[in-house]
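We begin with a single chain expressed as C-alpha cells, specifically the form predicted alone.
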C-alpha cells in the first residue's frame, strides 16, 4: 500500500467563508498533497459575492452535517453558540472537527473532551489559541510530562498592537485603539480584547494541555488594558520596562498552579519584549530545557488558516489530542495561595485599601496619578474587586509570583501613608 493510500481522504464541510475560510479555500486549491477537498460551505448571507463557485455554498447546515460523505467539519464562524451546536452535532455523527472558536472551546471544553472520547473522533483547534504558533501541539507532545514549570505569553494581537503604539509613539491609549481598529486588528467593539476576555479564554484552553486543568475562563483572575493610562506607560518607561498583556501559568513549589491574565512590566531582555504590534509570543519554561520561545502572527486570514491546515494534515493520520496530563496523570490544581508583586496606580487615595498589602515597597505621586508598589496575597484579588474600579490600574512586576514568601505584614499606618504619598 502506498503512503498516499494510507492517508485518509478528507471531504470537508466548511462553516464560514470569511477571511480565514477563504484563505483556507485558496490554500487547499494549491495543496493537492493534502488529499483534501471542500465539498460544501455553509454561509449566513447567500447574496454576498464570494471568490468561489456559487454551487459550493448553502445556508442549510444540515446539508453538511447529514452528508455521510463529509468526514471533516471545519468551523470558522464568530457565533460561539452556533459553533457549539455545529461542533457537538458533528462529533455525535462521528465526524472529525477542526475549530478556531476559542470562546466556545474554553466555555465547553470538558463536554467537548467527553464527546471526543465517547465517539472516538478527533477535535483539533490549534488556530484557537495563537493562530500560526503551534503551541497546543507542543504542549501535547513535547511537554507530556511533569517537567513543565510555566508558560507566559502575549496571546492577543489587538492589545499588543495598542500597547506597542503607546510605548513607541507616545500616543494615548484611545488613539492607539483607533489605529488598531483602522488597521483591522481590533473590532468596532473591542471589549473582548481590551478587557482581557479573549486572552483568558486562550489561557483556559492552554491549561488543559499544559497541566490537565479544566476550568471555565471566568474562574480565572483576569483583567485587560482597559484601565491603563499614559501615566502608567511613563512610569514603566522610567523604570526601564514596557507593559504587555500577559497570560501566564506557573507551577509552585507545592505542585499547584498559579494562573492569571493581567498587564505586566516586561524587561528589555525578556523574549516577550521583542513581540510587537499584532504578533503573539509564548515562553515555555521546563525544568531541563530552560526556556523556549514561540513567535508568530496571532491573527489574520493566512496565519490562522495555516493552523487549520496543520490540523487538517494531522487528521490524515487520525491524530487526536490525548489530554495526557488529564487522563494519565494526577492533574495539577489551581491555587490562589501565593503572593505577587504588583504596582497599583489610581487617582483617589482611598480607592486603594493599602491594608490589603502585606508589604508596601514604594510609593510615588504627581498631580495626575499615585503609584504604589507592594506585595499582596493573590487571594486579595480573588475575593474583592477594588483593583478593577475605574481609574485604578494594576500591573504585575517581572517574576511577579513569589513562591515560599514569608509574610511580614509591616504595612503602613493610614495617616503616615496619606502624609507621605500625597
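Not measured: the values here are computed from a predicted model. Positions refer to the first chain, counted from 1.
Keep in mind that the form predicted together with L-homoserine is missing from the display, and what follows is about it.
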Look up in the predicted bound form whether residue 193 has a non-hydrogen atom within 4.5 angstroms of L-homoserine, and give yes or no. yes
Partner contact for residue 281 in the predicted bound form: L-homoserine, 4.5 angstroms, heavy atom: no
Can you tell me whether residue 303 touches L-homoserine? I mean in the predicted bound form, with a 4.5 angstroms heavy atom cut-off. no
Examine residue 244 and determine whether its closest non-hydrogen atom to L-homoserine in the predicted bound form is within 4.5 angstroms. no
None of 95, 209, 165, 102 but one has a heavy atom within 4.5 Å of L-homoserine in the predicted bound form; the exception is 102
Which one, 198, 126, 232, 75, lies within 4.5 Å of L-homoserine in the predicted bound form by heavy atoms? 198
Candidate spot 156, 186 and 299, all three in 4.5 Å heavy atom range of L-homoserine in the predicted bound form? yes
Given 318-326, 291-299, 334-342, 245-253, the stretch touching L-homoserine in the predicted bound form at heavy atoms within 4.5 Å is 291-299
Distance direction in the predicted bound form for the C-alpha atoms of residue 185 and residue 15, relative to the displayed form (3 angstroms or more): closer
